[in-house]
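Let's start with one chain on its own, the form predicted on its own, as structure tokens.
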């Protein structure tokens, strides 16, 4: 049976595990969303939740980006190490619109996402002619080329960076706008990932991931599917960059354009379970909280990096398909995380 047929059988099977608990799962997720929407209000009472709000908006940002990366890296099986280019494009686009035209990044974020998607389309046309290691190398080269361009582009500040106006908000509510913006992006990215996972388009992407040659024989326009997946995966990454750049109030190429940042998206998705809807969410939460714990205990040293790396190795030894993927295979995945 072909890869496309296998995926189609999986998609159409009426006996999917956990199907009877879908209403309960929806109620749980709805309750969680309401709790997240109301949580910032606690800072109005205590005034001591700024750090927690920062950590949560930071997690939301990486959930949005990892879920987006999963479309090309998980569903399609093409590992990209250049997605932070779209992050930088979103940040700089909205930063320039704010500095030169006084338009808030909260208004230009959707345009930043569309711009990142357009760039992703062009890059995909070129780079997705290659496969395997050649594709990975091409995405790393994209980071280097964009960084050189940004470093020497005086209009956007060059290597010295671009300073943005600081929002004039009371410290108690200063994190509310980026918190809600990142939450919206996280929900939107996960929902988009879910819709793609359960669509004919997603069926084709998974067939490509399993065996691209067989997918072509089955009649799937693999080149079109890959390019579109790559472009879509840039959408929410660009919007996240727009909001994050405004939150930092300072843009500099070496903040956004490092291979390490791109690798984190890959690691988060692998940790949670690539090719699953919930995997990037779980991976982002676990990775960021673990890293924050090690930083608090070991400081910003090499030991922190080593400890995070050891944790990744240990987790992947026991969960070779990621936390969500492995638990799903073993029939032990909690129903509230079974979004497949």
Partner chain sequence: MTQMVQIFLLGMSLGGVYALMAAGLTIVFGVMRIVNIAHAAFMFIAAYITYFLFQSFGVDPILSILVTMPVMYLLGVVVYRLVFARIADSSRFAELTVLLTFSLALVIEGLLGAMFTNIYRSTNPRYATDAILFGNFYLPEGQFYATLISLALLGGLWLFLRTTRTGYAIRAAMQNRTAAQVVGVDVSRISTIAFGLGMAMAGASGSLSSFLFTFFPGKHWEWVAILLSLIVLGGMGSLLGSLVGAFALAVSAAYVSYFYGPTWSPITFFLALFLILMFRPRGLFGKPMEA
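Quick caveat: nothing in here was measured; it's all calculated off a predicted structure. Residue numbers count along the first chain shown, from 1.
The next section is about a form of this same protein that is not shown, the form predicted in complex with the partner chain.
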{"query": "All of 183, 285 and 332 with a heavy atom within 4.5 Å of the partner chain in the predicted bound form", "finding": "no"}
{"query": "Heavy atom within 4.5 Å of the partner chain in the predicted bound form - residue from 131, 102, 195, 200", "finding": "131"}
{"query": "Listed residue (166, 263, 171, 107) with a non-hydrogen atom within 4.5 angstroms of the partner chain in the predicted bound form", "finding": "263"}
{"query": "is_contact(residue 235, the partner chain) in the predicted bound form, heavy atom dist at most 4.5 Å", "finding": "no"}
{"query": "Contact label in the predicted bound form: residue 47 to the partner chain, heavy atom within 4.5 Å", "finding": "no"}
{"query": "Proximity of residue 41 to the partner chain in the predicted bound form, heavy atoms at 4.5 Å", "finding": "no"}
{"query": "Touches the partner chain in the predicted bound form: residue 30 (any heavy atom, 4.5 Å)", "finding": "no"}
{"query": "Stretch from 55-63, 275-283, 311-319, 31-39 whose residues place a heavy atom within 4.5 Å of the partner chain in the predicted bound form", "finding": "311-319"}
{"query": "Within 4.5 Å of the partner chain in the predicted bound form: residues from 128-144 (heavy atom criterion)", "finding": "129, 130, 131, 133, 134, 136, 137, 138, 141, 142, 144"}
{"query": "Residue 317 and residue 334, C-alpha gap in the predicted bound form relative to this structure (3 Å or more)", "finding": "farther"}
{"query": "Cα-Cα trend for residue 316 and residue 334, given that in the predicted bound form the distance shifts by 3 Å or more", "finding": "farther"}
